[in-house]
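What follows is a single chain, given as C-alpha cells, in the form predicted on its own.
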C-alpha cells in the first residue's frame, strides 16, 4: 500500500501548485455531480481534488488512512479559507456513514472494479472514479528511453481493465476522457536523482544523468514532463443491478 512521506507530499504539492490538473478534472466531474449536496472523496490523499470539488457542494468529506496527508489537507484548507471540507481518518472500505453522502469519488484509487458492492452502500446517488486510461501507456517524466519496461503501476485500477468488469456486470456508466499535464518541478540535480530513485528505482549513470538534466533544465531548477491520460467514469447507484447490491461479484474475474 502506498504511504505518504514528508518527501512525497512535498513533491506532490510542488507538482499540483504548478498546474491546474485538479481544477480541470473537477470541472469534468461536475456534470456528473449535479444535485449532490454532500460528496465524499475516498482515499483522498492530500485532497487537492477534494478542495476543487468543495466549491460544487455544501459538504465535502475527505476519507483517508494517512494522518500526515489529512493534516496537510487541513492546513491547506485553512490557508485557502475552505470551510465546508472535513477530514476523516478511516479505511473507506469499512466506513459506515449516516446519512449517506450523495456521491463518492475515487481518484487514482482502486475501487470501481473491485468494490462496487461496498461503494453502492456508501453513495446515495453517484459513484465517480477518476482513473488512468491504462497501465501500459506510460510515457511519464520522459523516461522511456532509460526504463522501457516499467511495472510500477501494474496493479493499479484503470479504464482498460475496469470497463470490461462493468460491462460483464451489466452496469451502465458514463465517461469523459482527458489528457492533462501533471509534471514535476524540482530544485536541483540532487533532488532529480532522489525523485528518480524514489519512484522508479532508477539510478542513472553519470552520462545518463547529464543527458537527462540537460533536456529538462528550467528556470530555477528542473521540470520533468508528465501527462496523465485518463477517464472520469460515473455510475448511478439506481442503475446498479440488484444482485450486485447484495455483493454478488463472484462471476467476474478479479482484477
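Residue numbers count along the first chain shown, from 1. These numbers come from a predicted model, not from an experiment.
Only in words, not in the display: the form predicted in complex with a small molecule, which the text now covers.
Engineer: Have a look at 218, 65, 213, 27 for me and say which one sits with a heavy atom within 4.5 Å of the small molecule in the model of the complex.
Structural biologist: None of the others qualify; the residue that does is 65.
Engineer: Which one, 165, 77, 109, 180, lies within 4.5 Å of the small molecule in the model of the complex by heavy atoms?
Structural biologist: Looking at the other structure, the residue within range turns out to be 109.
Engineer: Among the candidate stretches 83-91, 139-147, 168-176, 117-125, which one is within 4.5 Å of the small molecule in the model of the complex when only heavy atoms are counted?
Structural biologist: Correct option: 83-91.
Engineer: With the cut-off set at 4.5 Å between non-hydrogen atoms, does residue 204 touch the small molecule in the model of the complex?
Structural biologist: Contact with the small molecule, no.
Engineer: Just to confirm, residue 45 within 4.5 Å of the small molecule in the model of the complex by heavy atoms?
Structural biologist: Residue 45 belongs to the contact set for the small molecule.
Engineer: Might residue 12 be said to contact the small molecule in the model of the complex, defining contact as any heavy atom within 4.5 Å?
Structural biologist: Because a heavy atom of residue 12 falls inside 4.5 Å of the small molecule in the model of the complex, the answer is yes.
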